[in-house]
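One chain comes next, on its own, written out as structure tokens in the form predicted on its own.
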């Protein structure tokens, strides 16, 4: 029997069912909630990028003082590192708690989708402690806005400029380029075209990538001075991208915005974004009619994301073949916390929110690593893989089972396993699973069986 709308909507487009949060009853209700205020971000805040960047500057000063053997510098650096690590682990806990207790699971899924689409990795280059701030600044406020605005926001955000080495790129014929004998870096231009807009099979050439990279050369970021556009580093002269001329004798930020706006509304971008949304939410083998329907809404609305989401949810194919997708490890942890009722009158939420650095690493960071999705460390600019077989592996399943036992012991001792199965899975619960859960030797084992089941680990 096919699952009911509330069950499928919660599992496929949110973080699953909860014993304390009512599931959506209609597409209209889902869109209305998404269009409302972002309450959970207000209640569980994450520090903005700018503040984290200031902290990075302060830590940089301490590192330099340590290298110079300044008295007390080493002790101060250790304290600062400890504080930064504590904040990073707090933000991991907050990032898991938001989808666990949010009334609007669809918004939380969309934030993760777009964060993956516009990937920035917390690997060196000063990004260890600032990636969550990037998501909070450049992505989360714009998930219900216009795609072009989000593209502008991410493409020029300091975290993206650092991650894709744009701060190393200068126009070879610019004043700075001639003086410093430095050249062009095409990383940002290539990833914007290949990953963020037109797609791998898009109608662009290597010449377009190079010309676009030359347009981008003025973009710069320095942790001490912030973001800037440096005309003296920009390649002089007009550039031709996809047959259109941009800029002139002197580069400007407006030239960059102009090409980003055109890329955002290109038909290839509409098809690329539509396909990614369908693959992420519905199936690894997307229905061509559903993709075309979403792409048409993208073009007709000028990239209005609410119109795009409405087109996705209104199509019959968006609700077919439940269980076709696997939950990624982060989603598995978050949906497990949601199913366990974290947040019920403070029960569980305090346990998660107040964990020490060591226990956060033990309960969340290390399991994510073992399951194959280390926190804030995607394998590359293309983000995390989507295919079911990338996540349902022997090692990954063993790690999920082990974590399920830990979570059940930490948060589920007062929960009846059979009742938990019914509330966590709704009408996708298999009769055989319910029978096995009923015969479990302990509450912990019964709850762990549910969390480790195929029904729970698929969408």
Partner chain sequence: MASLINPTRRKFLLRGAALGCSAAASPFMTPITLAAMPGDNRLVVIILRGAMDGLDVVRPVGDEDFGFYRPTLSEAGNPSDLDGYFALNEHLSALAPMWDKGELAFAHAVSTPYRDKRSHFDGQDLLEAGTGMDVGVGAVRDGWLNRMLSSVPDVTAKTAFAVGREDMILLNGENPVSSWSPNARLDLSPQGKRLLQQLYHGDALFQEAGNTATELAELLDMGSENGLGDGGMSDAMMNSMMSAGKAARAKALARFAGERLNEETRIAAFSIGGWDTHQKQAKGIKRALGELGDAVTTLKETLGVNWGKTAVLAMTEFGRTARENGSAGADHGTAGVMLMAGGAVRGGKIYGDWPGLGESALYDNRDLMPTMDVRAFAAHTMRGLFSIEQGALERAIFPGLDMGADPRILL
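Positions refer to the first chain, counted from 1. As the structure is a prediction and not an experimental result, all values here were calculated from the model.
From this point on, the text means the form predicted in complex with the partner chain, which you will not see here.
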{"property": "Location of the partner chain contact in the model of the complex, chosen stretch of 286-294, 199-207, 249-257, 236-244 [non-hydrogen atom, 4.5 Å]", "result": "199-207"}
{"property": "Joint contact, 85, 370 and 440 to the partner chain in the model of the complex, by non-hydrogen atom at 4.5 Å", "result": "yes"}
{"property": "Close approach of residue 365 to the partner chain in the model of the complex, 4.5 Å, heavy atom", "result": "yes"}
{"property": "The partner chain contact in the model of the complex: residue 420, any heavy atom under 4.5 Å", "result": "no"}
{"property": "Exercise: residue 194 in contact with the partner chain in the model of the complex, heavy atom 4.5 Å", "result": "yes"}
{"property": "Partner proximity in the model of the complex: residue 33 to the partner chain, non-hydrogen atom cutoff 4.5 Å", "result": "no"}
{"property": "Of 78, 225, 358, 179, the one that lies within 4.5 Å of the partner chain in the model of the complex (heavy atoms)", "result": "358"}
{"property": "Among the candidates 29, 57, 398, 51, the residue which, in the model of the complex, approaches the partner chain to within 4.5 Å (heavy atoms)", "result": "398"}
{"property": "Heavy atom contacts to the partner chain in the model of the complex at 4.5 Å, residues of 165-180 in sequence order", "result": "165, 168"}
